[in-house]
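What follows is one chain in structure tokens, specifically the form predicted on its own.
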């Protein structure tokens, strides 16, 4: 049995164990006497409802020398990182394959095949880590696992079925790639890819329902017992916002990881043809990551607004309480993403002979991006010593303090998004010469459009953010987002019309990029991984001392809010473990394609 098949079998067995261990046949489960007695009493009080047990610290199993919270934390985060990767990669593999079929360009098909080849090994690790997470929950948090299993048992059953559907579709999609080529067979292959993505996305939606129920439980009666049906629990207040946010984030994340793979192959390539191939692959992956990155802050704002709408206490804890300083770290990482993506585009202009005419504009775009970045991570309240506090006269800086509130942040991120789109437009134009007679008019319209958009974004951010009441301060972010999206959409439309039928200055020279451009792709992947880990902790941490907010209290010995340094260290360790595992996956995909001629040993055997 090969290691890959062993991983698949292990992941399948662990998932089956999850389904059968959650809810025993009699529906009562196992646990400590005190917890079960309390659960039975609560169940009788709530009639037919499912009551949450009231636990004490003694009801949580412990293993000497093992921190239960950190084990579950790392297992969950590693599983989510790999799950995001194996969900996103098939999505844009399907899109790339469809583009290749439509354009009849074999390069797209070859690139899509190499992408899906990477996800095969990652899929096996995802299943193994999912099994590790399940067993960690059963061992350390059996009552919570049983409680969620009793509520979501139907969805967990269908989750297992969809897991098998996704596995079958993935392996048929990969191993049947070359067999299902040409004519009707190609359509069959694309249909399998569509089924694969539908199953994977549905799996994510089901799992999102479980985690959002813990944040915003639905179907709970006044006594605290769950009396609703499974759809009520699944379709809770935060389910749709999480679905949207994670869908966009996963696509961006998958693009960054595949971009890192292309950079890895580029730097290890020896021939010019191989470098050109992986340069093109890295550009395509980076393009996908940028396209998903641009709307990602808006999806994050939507999720934060819905958290605040559900519970003002959770919203204030999220943005104004203990977790507020983690958002400063988040701002640094988001700024790193934007700067890395832009830097890669600027380096990529070296592929074009006509890019020199746009080089003078890059420094101005860089200045704007860095300025917006500085505003983006400027804190509102400073961390000061007593002496510094006395010297300053308070915790707020006279000039920098106003940059620490959300109107300034919203303005900064919209400006960063607009200028990132501008970098892409310059890159797209670099190797083309316009042939339409209305070139000057088109450029003038685009300049006017960007100028008007920036003015409107600043007006909304400054006037409504600082000179109106709180309602308008919050509401001003919506027209800012609309302005940004309209400017980008209309400018891309005008650009597409202007450059239709445009002439190339010279053929693009793929592979003619500096090595430092590949390190930007590595930085993009690491920053995305760190950011996802940080935000995963924040999303879970705002529940504070609750397993299920307001319903099921966490009375374990680890029910405390970690310090910022402690949380950052755990996320950093998880990031390093994940990146090491990703490098292992890259190495596996590389050696799987190595073929060697028989050596002397085989010659001796034949003799």
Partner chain sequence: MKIFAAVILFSLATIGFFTWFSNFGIPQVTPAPPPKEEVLDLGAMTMDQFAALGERIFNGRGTCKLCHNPVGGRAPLLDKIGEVVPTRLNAENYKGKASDVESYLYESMVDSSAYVVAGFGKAGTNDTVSPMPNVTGGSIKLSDAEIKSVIAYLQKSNGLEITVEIPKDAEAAPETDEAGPREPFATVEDMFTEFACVGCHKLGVGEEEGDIGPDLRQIGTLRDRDYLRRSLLDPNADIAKGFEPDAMPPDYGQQLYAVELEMIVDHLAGLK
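Residue numbers count along the first chain shown, from 1. Just so it is clear, the model here is predicted, and its values are computed rather than measured.
The protein also exists as the form predicted in complex with the partner chain; that form is not presented, and the subsequent description refers to it.
Novice: Verify the contact flag for residue 543: yes if a non-hydrogen atom of it lies within 4.5 Å of a non-hydrogen atom of the partner chain in the predicted complex, no if not.
Specialist: No - in the predicted complex, heavy atoms of residue 543 and the partner chain never come within 4.5 Å of each other.
Novice: Given that the partner chain is not shown alongside this chain, does residue 486 nevertheless sit within 4.5 Å of it in the predicted complex, heavy atom to heavy atom?
Specialist: Answer no; every heavy atom of residue 486 is more than 4.5 Å from the partner chain in the predicted complex.
Novice: Answer with yes or no whether residue 267 is in contact with the partner chain in the predicted complex, where contact means some heavy atom within 4.5 Å.
Specialist: Answer yes; at least one heavy atom of residue 267 falls within 4.5 Å of the partner chain in the predicted complex.
Novice: With heavy atoms only and a cut-off of 4.5 Å, decide whether residue 526 touches the partner chain in the predicted complex.
Specialist: Yes.
Novice: Using a 4.5 Å heavy atom cut-off, which residue among 50, 538, 68, 579 comes into contact with the partner chain in the predicted complex?
Specialist: Exactly one listed residue reaches within 4.5 Å, namely 579.
Novice: Name the single residue among 329, 76, 218, 156 that comes within 4.5 Å of the partner chain in the predicted complex, judging by heavy atoms.
Specialist: That would be 329.
Novice: Pick the stretch from 203-211, 329-337, 420-428, 456-464 whose residues have a heavy atom within 4.5 Å of the partner chain in the predicted complex.
Specialist: Correct option: 329-337.
Novice: Give, in sequence order, every residue of 517-555 that has a heavy atom within 4.5 Å of the partner chain in the predicted complex, or say none if there are no such residues.
Specialist: Going through 517-555 in order - heavy atoms within 4.5 Å of the partner chain in the predicted complex - the hits are 519, 522, 523, 526, 527, 530, 545, 553, 555.
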